[in-house]
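Only one chain comes next, encoded as structure tokens, the form predicted on its own.
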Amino acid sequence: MEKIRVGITGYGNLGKGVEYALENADDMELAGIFSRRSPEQINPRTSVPVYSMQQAEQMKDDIDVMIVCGGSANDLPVQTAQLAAHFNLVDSFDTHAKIPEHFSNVNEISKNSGKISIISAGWDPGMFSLNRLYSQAILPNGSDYTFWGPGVSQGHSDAVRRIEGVLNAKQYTIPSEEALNRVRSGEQPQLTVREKHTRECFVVAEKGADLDRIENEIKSMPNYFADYDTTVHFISKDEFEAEHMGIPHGGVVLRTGATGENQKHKQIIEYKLTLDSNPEFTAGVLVACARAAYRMNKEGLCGCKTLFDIAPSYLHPQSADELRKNLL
């Protein structure tokens, strides 16, 4: 069987997760890792070759799909656009408000190059988005609810680490069980952000740092903590390394609706994720989308796509006949 040759751009937590995920994909193989760091600084788990980012274009005939594993704030808006001129690719761009702009930029480049680019693949945006779409289509008379966590918010954790006097920090987003239970009962409540989630911070501070100032800066931080009930714990470096080095996450998407005469029958759809490793799960979504990008481009399709545009059968390694036999 001819395997799909995959490249990884960026070798942080997500890139390493993609490397693991490809080991479970019998129809795919890792052909190379590309990094802005010196290749000598990268130590992949396998004997796959490592290249500098500047060498990527030279490898366009040796890579069927590139999985771009940079950050959404600064990396992906640039890297995805550059690589779309030469490769089929997948990224996990997750700045929700800027997805239309990112899509538009990448779509024009991908159409010109005759390649497929799948953007914003992951679990939110991504799998959660897809479940919101299915649920709204099935229950047009209803309300959507998304709860995140319990799990680590990497962006919020980084914001805390940037405060003067903070050596390290992790922030956990925790959904309100009371709010969840109200939604699961079919109540359709109007919930504020404070009613839906709480935030909990575990902070390692510098010796002699003003802990009251740090706590006040965290709790009053606009766009991150000011609108939430937030608890701050100051802990030792040893406790942090023993208890808070993982990257768990997850969440729930629900839609509650009503059907029938006088809308008397309650209907509830729920999709839940409980993840020990956020980047490794996201990597699994990216690898499935890489398979889809390859297949779609083989059929002559090009341009930018999202999970909304991908037939489910393109994501799965089995053939359409096998899927009808085994899963339908």
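Worth saying up front: this structure is predicted, and the values here are computed from it rather than measured. Numbering starts at 1 and runs along the sequence shown.
Although it is not shown, the form predicted in complex with another copy of the chain is what the next lines describe.
- Using a 4.5 angstroms heavy atom cutoff to another copy of the chain in the model of the complex, none of 78, 150 and 206 count as contacting.
- The shortest heavy atom separation between residue 303 and another copy of the chain in the model of the complex exceeds 4.5 Å.
- Contact check for residue 213: no non-hydrogen atom falls within 4.5 Å of another copy of the chain in the model of the complex.
- By the criterion of a heavy atom within 4.5 Å, residue 96 is counted among the residues contacting another copy of the chain in the model of the complex.
- At the 4.5 Å threshold, heavy atoms of residue 53 stay clear of another copy of the chain in the model of the complex, well away from it.
- Listed stretches are 135 to 143, 232 to 240, 187 to 195, 78 to 86; the contact stretch with another copy of the chain in the model of the complex is 135 to 143, by a heavy atom cutoff of 4.5 Å.
- With the partner omitted from this view, the residue of 173, 157, 131, 72 that lies near another copy of the chain in the model of the complex is 131 [heavy atom within 4.5 Å].
- Contacts with another copy of the chain in the model of the complex, taken as any heavy atom within 4.5 Å, map within 246 to 282 to 258, 259, 260, 261, 263, 264, 265, 266, 267, 268, 269, 270, 271, 272, 273, 274, 275, 276, 277, 280, 281.
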